[in-house]
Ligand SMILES: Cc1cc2nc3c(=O)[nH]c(=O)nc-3n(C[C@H](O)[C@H](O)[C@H](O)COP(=O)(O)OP(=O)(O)OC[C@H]3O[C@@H](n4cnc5c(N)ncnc54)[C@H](O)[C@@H]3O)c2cc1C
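Below you will find one chain, with nothing else, as structure tokens; this is the form predicted alone, and questions on how it binds or moves follow later.
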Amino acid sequence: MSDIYIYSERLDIAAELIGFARQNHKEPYVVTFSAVAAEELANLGANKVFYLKGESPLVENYAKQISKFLKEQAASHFMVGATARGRDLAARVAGYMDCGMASDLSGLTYVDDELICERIIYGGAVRQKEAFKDFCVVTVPGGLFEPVQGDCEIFTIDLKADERVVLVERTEIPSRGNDLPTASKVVCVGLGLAEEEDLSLVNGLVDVLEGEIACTRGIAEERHWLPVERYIGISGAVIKPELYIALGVSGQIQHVYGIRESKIIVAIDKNDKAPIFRYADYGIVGDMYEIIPLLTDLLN
């Protein structure tokens, strides 16, 4: 079997997984529950796009039917974008398929037709590798592979949903800025920032660079100075910008996981022993409150 079936409501992750399949000489097939998404996915290099049409707006309500569909198609693997909804669907499908599953992978490759899955566990202390010979389900975050292009045909399949769970209400979570994984320049603040008001100083540098502001988990979840979609790390955003600037970021492995694909890493911190300097291409040991205005003026 060499057919990889792919699902992600985030189309950028779906595009990357199609690229992964192509680069490994596998046949990528994409499933979606949106007619609009199907039109976009049809231009991203898959062999076919299957529009799974049903009455329920809840993707996870189709897990049993998807499992049946994957068996009928003799799929070799089911690869799912590691989003909240994707993880839910993947776990249900793996349960119905009674197969192995690997979640939130940091690496994925084929060796002698075995799918080798790599994960970071225990807060970044251990790298775990798992090999799958038979059908399995994996969830994969964005930022790991290069997308490709190419047109394909769309096939519509009617599915009956599990109606035991219904959608009562939908409320949008407001977000700021663009999607971090697509940003070419990112300025990240850590707990070295003393006050929330000091974000204005950082935003001045972000504006000059025409980039995006990001943060460590502590800034988002402990201090609540920036929304959670702005934080970078194992359980946050994984980015690969042209330029990444760390301001007062200590550089623990959980954070470094999210920036390891950056082309140029610049670190600014008062502590010359901060772990972030081990990963930086350029490092400045000093007070960021003095350096940021100088850097902003220089780039303006």
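On a predicted model such as this, the values are computed, not experimentally measured, just so you know. One rule holds for the numbers: they count along the sequence shown, beginning at 1.
The same protein has a further form, the form predicted together with the named molecule, not shown here; the description that follows concerns it.
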Discussion item. Let me test this: is every residue among Ile234, Gly248 and Met288 within 4.5 Å of the named molecule in the model of the complex, going by heavy atom positions?
Written reply: yes
Worksheet item: Pick from 73-81, 190-198, 107-115, 155-163: which stretch has non-hydrogen atoms within 4.5 Å of the named molecule in the model of the complex?
Response: 190-198
Worksheet, complete the sentence: the named molecule in the model of the complex has a heavy atom of only one listed residue within 4.5 Å, and of Gln252, Ser56, Ser67, Asn47 that residue is Gln252
Discussion item. Can you work out which of Leu41, Ala63, Ala274, Ile259 has a heavy atom no more than 4.5 Å from the named molecule in the model of the complex?
Written reply: Ala274
Discussion item. Taking any heavy atom pair closer than or equal to 4.5 Å as contact, tell me whether Lys263 reaches the named molecule in the model of the complex.
Written reply: no
Worksheet item: Is there a non-hydrogen atom of Arg217 within 4.5 angstroms of a non-hydrogen atom of the named molecule in the model of the complex?
Response: yes
